[in-house]
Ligand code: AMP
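Below you will find one chain, with nothing else, as C-alpha cells; this is the form predicted alone, and questions on how it binds or moves follow later.
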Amino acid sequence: MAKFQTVRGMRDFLPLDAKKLRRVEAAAKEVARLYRFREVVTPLVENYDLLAAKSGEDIKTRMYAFEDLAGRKVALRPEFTASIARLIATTLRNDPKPLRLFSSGTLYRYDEPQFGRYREFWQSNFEIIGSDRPEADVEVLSLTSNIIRRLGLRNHWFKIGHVGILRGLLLEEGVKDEQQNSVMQLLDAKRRTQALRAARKFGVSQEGIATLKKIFEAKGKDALKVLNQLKRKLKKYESAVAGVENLGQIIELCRDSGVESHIMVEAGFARGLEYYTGMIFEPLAPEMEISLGGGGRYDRLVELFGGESTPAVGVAHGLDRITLALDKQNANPEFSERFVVVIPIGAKLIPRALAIALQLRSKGISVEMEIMGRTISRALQDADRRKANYAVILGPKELKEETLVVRNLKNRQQTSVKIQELSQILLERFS
C-alpha cells in the first residue's frame, strides 16, 4: 500500500492547531467588523496576467501557474490585492468611496519551506479604496495593532518606510520605472551592494549614489528625528522629500491618535510587490525573524486594470505567522469548552439521550453523544480522555423518574437532577 504524505510546503492542521489558527482569524474578522470593513470572497484561481501585472519578478517566478483545459494561463493567487483591484475596476467601480473591504483565506507561492514560510499560507487582508489622505494609512496601522493586541502578543513594533523616498531620488536621477523595480527588488532581498551597483549601471550620479547610501543608513525608533535628518540629506531631490513629509504626517497622526505600537523608521526598506507608491510597513515581534504581515499604499494599481485613477492602501496579516509568534511567547490560551458527554444505558434510551443532547446544544453547551455502544465504565474512561467536564448518564430507573445522573469528571462527584432542570444546572456550574 502506497504511503502518501502532504505535498512539500503544504500542511495538515490538526484540531488544536486549527483552533489556534481560527482564533487568530476570528480576531481579524472581529476587527473588520469594528472598523466597518465589508467581507468579499474572491476566486482562488485568477487570470495569470492579472496576478503578474505588478507582482514583481520574485513573485512571478514563484506563482503556481498552469494552463486550464481551455488553454488559458491561470494561477493560484499569491496575494489578495490584485483580485481586489480587479473588483474595484469592474463590479464595484460605481460604489461610493471610500470602500473598506476585507478578505481571508489561503494563498500560494512556491517558496523554499522553512520556519514561518510555507507554500500554502493563510492571510487576512484589509483594503481602503478611494482616499489618498494620511488618515487612511493610519487606519491600516491602527487595525493591525488592534488585532495583535487583542490576541495578547507582546512587544510588537512596526518597521515603516516610504517607497516615494527611494523612487523619488531614482526618478530625478533619470532611472526608468522598470529599472527602479530592479533596484527595489534587490533592496527587498537585502542585497544593498548589488542595488547600488544596479543604480550606477542605470546612470545614477556619484552624488546620487552617496545619497542612496545615506538613505540605507537612515533608521531608528526616534521616527521624527530620522525623518528630519533625511530631509536635510535629500534637499536636492524634491520628490524624495515629499515622500519623507508624507511619512512624517502619518507617523505624527499615529502618535497623536494613540495607536499603541512602537514605530521604527527604515528609509531603505522595500517590499517585493511593485505596485506600492507610498508608505510601506511590516509588523514584527521579537521572537520572530520574519514579519507578521505587511502592507502599504498603492495609488495606481486599479487604473492598471482599466479602472479610474483610484488611491488605495491596504495590509495583509500572516495568520499562521501570528499563531507561531503567539506560541513562541506562550501566549496561546488553554482552550476550554462547556463540554458534556451524554451516555445512554441501553439501546431503548438512545432517542431520549439524543433529544437531551440537542436540548443542551441549543443552550450553547458542546455535547458528544456516546455512539460506540460502550459500557458505562468504558464510556466514562473515554469522556475523561477527551477532557469532558461532565458526563450525563441516562438509565431506565432515572428515566421513569424523569431524572438523570450528572457526573463531574474532575472531582468524580455525581448528583441526580431533573431532566427539565439539566440545562440550567449545567450553565450555572460552567459559569
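Residue numbers here begin at 1 and follow the sequence given. What you see is a predicted model, and the numbers here were worked out from it, not measured in a lab.
Just so it is clear, the following notes concern the form predicted together with the named molecule, a form of the same protein that is not shown.
Student: Determine whether any heavy atom of Q123 comes within 4.5 Å of a heavy atom of the named molecule in the predicted complex, and answer yes or no.
Tutor: Yes, contact at 4.5 Å.
Student: Using 4.5 Å between non-hydrogen atoms, is K219 touching the named molecule in the predicted complex?
Tutor: No - in the predicted complex, heavy atoms of K219 and the named molecule never come within 4.5 Å of each other.
Student: Can you tell me if G116 lies within 4.5 angstroms of the named molecule in the predicted complex, counting non-hydrogen atoms only?
Tutor: G116 belongs to the contact set for the named molecule.
Student: If we define contact as a non-hydrogen atom of the residue within 4.5 angstroms of the partner, is A316 a contact of the named molecule in the predicted complex?
Tutor: The answer is yes: A316 has a heavy atom within 4.5 Å of the named molecule.
Student: Can you tell me which of 158 to 166, 257 to 265, 105 to 113, 352 to 360 lies within 4.5 Å of the named molecule in the predicted complex, counting heavy atoms only?
Tutor: In short, 105 to 113.
Student: Can you work out which of L292, L143, L153, A270 has a heavy atom no more than 4.5 Å from the named molecule in the predicted complex?
Tutor: Going through each option in turn, the one that passes is L292.
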